[in-house]
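One chain follows as structure tokens, the form predicted alone.
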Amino acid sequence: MSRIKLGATLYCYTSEYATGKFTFEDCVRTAAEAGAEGYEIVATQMIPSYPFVSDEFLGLVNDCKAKYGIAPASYGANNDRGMLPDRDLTEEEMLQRAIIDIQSAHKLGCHLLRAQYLLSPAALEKLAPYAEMYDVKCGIEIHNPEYPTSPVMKEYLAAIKRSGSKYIGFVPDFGCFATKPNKPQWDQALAAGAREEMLELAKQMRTDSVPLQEAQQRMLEKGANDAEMMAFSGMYGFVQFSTHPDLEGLKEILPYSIYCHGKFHYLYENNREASIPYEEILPILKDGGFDSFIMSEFEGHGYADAVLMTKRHQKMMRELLHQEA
């Protein structure tokens, strides 16, 4: 039986935190007020001593738990292969840093960890014994433009199956199931001088899977301006969409998914996402017996009110899952 838990990544409040409007405690309090049952820490963003966790920061986390009733459930690690100025990190060095991330997650009481796909399938497989030792499940994020059955994710799935471990898996990001262009970026492009017909052209070419170079040439031949090309780049970049999202692939990898990122960019007043089909995604999780967190993850910074949007997102998921607040 499914027991889906609803949380929020503190990344939702990036703009507020980065500008000093919110402290760490404000972020935790606001997540609790939105209805989150737990939260994710994006480690490089909010842990001053990253990749390690100081006793001082742990004390702050525990104080917030006592005040607001929610604790960190997942740890957003950063797999930075290019952190050195003269060379990339080796696979062994990436593995060692991932082990430190697991130790830090354990210290905070997180049993879930989001890794990124700069950590190779082989390194993920080697990480399994350490994840088991510290009781921290580690998942590779499936993030747009990847999708559950893309070639690289099939390599990760093979490694997960080879390991035989329940402590390594995936963190599907719902942004890879988008079926429409990103509404905030579309609206911003219009405000910056983009023409509706040029945005529609870009949308149609992305829908028809026109190759990037060919589509770019057609945009330029039509006299696309800077705002239109910026929106076009987004549609062919990290805000891709498809009229046939890989929902069957989601069913396939769901048994190996340790938690999910509930990506959202904009929710209407009726608490429905503008471009991501939650009405189709959440029943797959519920019917598939998914028993972990969906972390609300707002990526509309600078376009919409993060506090309001996160509240709407939590309400939407509860409505679609028929859960009580």
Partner chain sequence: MAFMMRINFVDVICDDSLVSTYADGKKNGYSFAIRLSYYRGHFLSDIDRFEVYTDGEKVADRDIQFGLNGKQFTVGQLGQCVSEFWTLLEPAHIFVIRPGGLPVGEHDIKVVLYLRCPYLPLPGSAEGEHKYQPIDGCGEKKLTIA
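Positions refer to the first chain, counted from 1. Note that this is a predicted model, so its numbers are computed, not measured.
What follows is about the form predicted in complex with its partner chain, which we do not show.
Residues placing heavy atoms within 4.5 Å of its partner chain in the predicted complex fall in a single listed stretch, namely 84 to 92, out of 174 to 182, 202 to 210, 127 to 135, 84 to 92. The closest non-hydrogen atom of Ala18 lies within 4.5 Å of its partner chain in the predicted complex.
Contact between Ser275 and its partner chain in the predicted complex is not found at the 4.5 Å heavy atom cutoff. Shown alone here, Glu155 lies farther than 4.5 Å from its partner chain in the predicted complex, counting heavy atoms only. Heavy atoms of Arg97 reach within 4.5 Å of its partner chain in the predicted complex, making it an interface residue.
For the marked spot (Thr14, Asn79 and Phe232), a heavy atom within 4.5 Å of its partner chain in the predicted complex is present in each of the three residues. For the residues Ser165, Gln188, Gln103, Gln116, the 4.5 Å heavy atom test against its partner chain in the predicted complex is passed only by Gln116.
Although its partner chain is not shown here, in the predicted complex the stretch 278 to 310 places heavy atoms of just one residue, His301, within 4.5 Å of it.
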